[in-house]
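Encoded as structure tokens, the following chain is the form predicted alone, with no partner shown.
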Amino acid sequence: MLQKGDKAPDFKLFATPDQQFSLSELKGKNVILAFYPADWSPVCSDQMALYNEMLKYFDKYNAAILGISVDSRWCHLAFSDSRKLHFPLLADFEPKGEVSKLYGVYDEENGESSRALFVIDKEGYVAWSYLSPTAINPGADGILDALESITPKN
């Protein structure tokens, strides 16, 4: 798993059935990567709903959030529409788990992304990472603390 100080690898994944999204498109912003096991699971649904509610707080730190799992773009579209999510869910679908593996958070035994969080600073370096137990929603406190630590004080 990538740790604080590691360069965050760039990637390009489908965000919708016909649009791809790359990490480098967010250059100059802080980025939160939320890897999670599966759309529709109870814990993942709660976690993504929480982050949807936290968007205005993330925005105060000039931060964008991206959800990433091995589900397909069509599955993400249905999940996002049903939960009224206002941030991209990226399909690490084919080759399966390639980006999760780059970040060291692919669960080979279950064939899905682990539940893991990364805060990446504006320069593209990991400022904070956290591997959560699969059955536990990691919440947003660690994300906010990391964003606070990398935000210059006025």
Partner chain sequence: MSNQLKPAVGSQDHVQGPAEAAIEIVEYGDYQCPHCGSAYPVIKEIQKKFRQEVRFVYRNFPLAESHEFAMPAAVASEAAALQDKFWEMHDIIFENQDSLSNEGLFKMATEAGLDIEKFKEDIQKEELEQKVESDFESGIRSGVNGTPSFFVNGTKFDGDAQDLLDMLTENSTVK
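Everything numeric here is computed off the predicted structure, so don't read it as measured data. Positions refer to the first chain, counted from 1.
Another form, the form predicted in complex with its partner chain, is not on view; read the next lines as being about it.
Undergrad: Considering only heavy atoms, tell me if residue 101 and its partner chain come within 4.5 Å of each other in the predicted complex.
TA: It does not: once its partner chain is placed as it appears in the predicted complex, residue 101 has no heavy atom within 4.5 Å of it.
Undergrad: Can you tell me if residue 123 lies within 4.5 angstroms of its partner chain in the predicted complex, counting non-hydrogen atoms only?
TA: Contact check for residue 123: no, nothing within 4.5 Å of its partner chain in the predicted complex.
Undergrad: Taking the shortest heavy atom distance, is residue 86 within 4.5 Å of its partner chain in the predicted complex?
TA: Residue 86: contacts its partner chain in the predicted complex.
Undergrad: Determine whether any heavy atom of residue 96 comes within 4.5 Å of a heavy atom of its partner chain in the predicted complex, and answer yes or no.
TA: No.
Undergrad: Of 38, 54, 64, 127, which residue is found within 4.5 angstroms of its partner chain in the predicted complex when only non-hydrogen atoms are counted?
TA: Flagged contact: 54.
Undergrad: Based on heavy atom distances of at most 4.5 Å to its partner chain in the predicted complex, which listed stretch, 87 to 95, 29 to 37, 44 to 52, 64 to 72, is the contact stretch?
TA: After filtering at 4.5 Å, what remains is 44 to 52.
Undergrad: Which residues within 133 to 150 place at least one heavy atom within 4.5 Å of its partner chain in the predicted complex?
TA: In sequence order, 137, 138, 139, 140, 141, 142, 144, 145, 148 come within 4.5 Å of the partner.
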